[in-house]
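Okay, so here's just one chain, in structure tokens, the form predicted alone.
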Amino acid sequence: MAAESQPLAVPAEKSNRQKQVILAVSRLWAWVFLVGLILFFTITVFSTSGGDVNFLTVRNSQNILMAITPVLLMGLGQTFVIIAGGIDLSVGWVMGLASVISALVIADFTNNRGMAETLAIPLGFGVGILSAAIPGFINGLIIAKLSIPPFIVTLGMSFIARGISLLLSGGNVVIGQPPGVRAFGNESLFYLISGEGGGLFFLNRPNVTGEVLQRLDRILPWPVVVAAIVTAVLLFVLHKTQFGRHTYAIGGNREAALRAGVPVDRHVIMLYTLSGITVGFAGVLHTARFNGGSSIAGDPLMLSSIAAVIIGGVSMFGGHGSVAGTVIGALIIAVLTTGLVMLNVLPFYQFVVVGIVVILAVLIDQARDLIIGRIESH
């Protein structure tokens, strides 16, 4: 019997090795593509500018990080939702709603009620995040309890959030923010002055002017720090907790998850609420960065956030994906758009390039499943 079972073990072992290689390639391609993009733009920007412009600078890296912050925050909650087999099309206008409400609350409590800005700003940010969590909760409740497709529910919610935010703002940017709002949105953890007489400063922006000011770079702006903390928390939640395991289980096979005792309806509600919360962070940080609340803050970024999730390897069919992949996807989009701008490429081509990368990511995802399926069938 032992002699008969030996030949079967070899093909099984070979099949497992092949699947591991395919899975590794599907996970690593985005990292390799990102490194390739950075090398490409480093060489081309330097050569086309005659050596006057460098893609790899501290200032440019921080600009890229600031650019991906709202896209990443919108994509983080979307990552959980898509892994579980859903979709959230309301994130763009819910972000605008959070931006408007946070700005209105801060302006009202500081200008009309005389509250200190050290209290009004956290209160406004908290209310803004809560205002984004409510649409997420409603999305999840309708999807879970009434079994209406997520595409329809979240599309409808996007129009509702759009209307409310436009009504509250009057179609204008909500202004009247205290100085602390702009300081939080634009100041940094570190400050670097390069060249002679420079140095690295921690939490203390040096009071400089003129030529020295031009050499001052902000390192890790506060919105980037907040996004990094949220990312770290959700990375742990998805990969190290029961909540994350249930998310994968629901996306892999909803019926099997139900039979295994997973509270699917409750979990779906929590997922869409989580998506609203991360979008709320993006909204209040937009208010901080631009010193005002805008109802259209997230509308241009909604498709980019979904693209970042897909490029990062999250399967649109559910069951596969990671927070780290979404981070890489957001970085790829930011590096692409920044590099193309530095090469003086028309903005319209940026959409074409991002679209090609999204299709490439989906093809890689499909190819992975197809190849693994063939390996398992033999």
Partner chain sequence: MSKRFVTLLILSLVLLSIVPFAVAQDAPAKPKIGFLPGVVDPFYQVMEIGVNEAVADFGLEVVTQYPQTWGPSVQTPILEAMIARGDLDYLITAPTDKEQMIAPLQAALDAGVKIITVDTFLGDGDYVNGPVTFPISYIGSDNIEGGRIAARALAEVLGGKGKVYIQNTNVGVSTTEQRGQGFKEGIAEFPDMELVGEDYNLDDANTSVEQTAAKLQAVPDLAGIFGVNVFSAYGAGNAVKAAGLEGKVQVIAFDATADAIQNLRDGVVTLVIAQKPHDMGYLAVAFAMADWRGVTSIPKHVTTGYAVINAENVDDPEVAKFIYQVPGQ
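Keep in mind the model is a prediction, meaning the values are calculated, not measured. Numbering follows the first chain given and starts at 1.
Keep in mind that the form predicted in complex with the partner chain is not shown, yet the notes after this line are about it.
K.L.:
If the criterion is a non-hydrogen atom within 4.5 angstroms, does every one of T69, I152 and I277 touch the partner chain in the predicted complex?
P.N.:
Heavy-atom distance to the partner chain in the predicted complex: none of the three under 4.5 Å.
K.L.:
Heavy atoms within 4.5 Å of the partner chain in the predicted complex: which of the stretches 291-299, 140-148, 123-131, 264-272 has them?
P.N.:
The contacting stretch is 291-299.
K.L.:
Would you classify Q214 as touching the partner chain in the predicted complex, given a 4.5 Å non-hydrogen atom cut-off?
P.N.:
Flag for Q214 set to yes.
K.L.:
At 4.5 Å between heavy atoms, is F80 in contact with the partner chain in the predicted complex?
P.N.:
No, no contact at 4.5 Å.
K.L.:
Is the gap between V58 and the partner chain in the predicted complex 4.5 Å or less for some heavy atom pair?
P.N.:
Taking the distances in the predicted complex, the answer for V58 is yes, it comes within 4.5 Å of the partner chain.
K.L.:
Evaluate V341 for contact with the partner chain in the predicted complex, applying a 4.5 angstroms cut-off between non-hydrogen atoms, and reply yes or no.
P.N.:
It does: once the partner chain is placed as it appears in the predicted complex, V341 has a heavy atom within 4.5 Å of it.
K.L.:
Scan A116, L167, L203, I175 and let me know which has any heavy atom within 4.5 Å of the partner chain in the predicted complex.
P.N.:
None of the other options qualify; the answer is I175.
K.L.:
For 39-64: residues with a non-hydrogen atom within 4.5 angstroms of the partner chain in the predicted complex?
P.N.:
Read in sequence order, the residues that approach the partner chain (within 4.5 Å, in the predicted complex) are F46, G51, D52, V53, N54, L56, T57, V58, R59, N60, S61, N63, I64.
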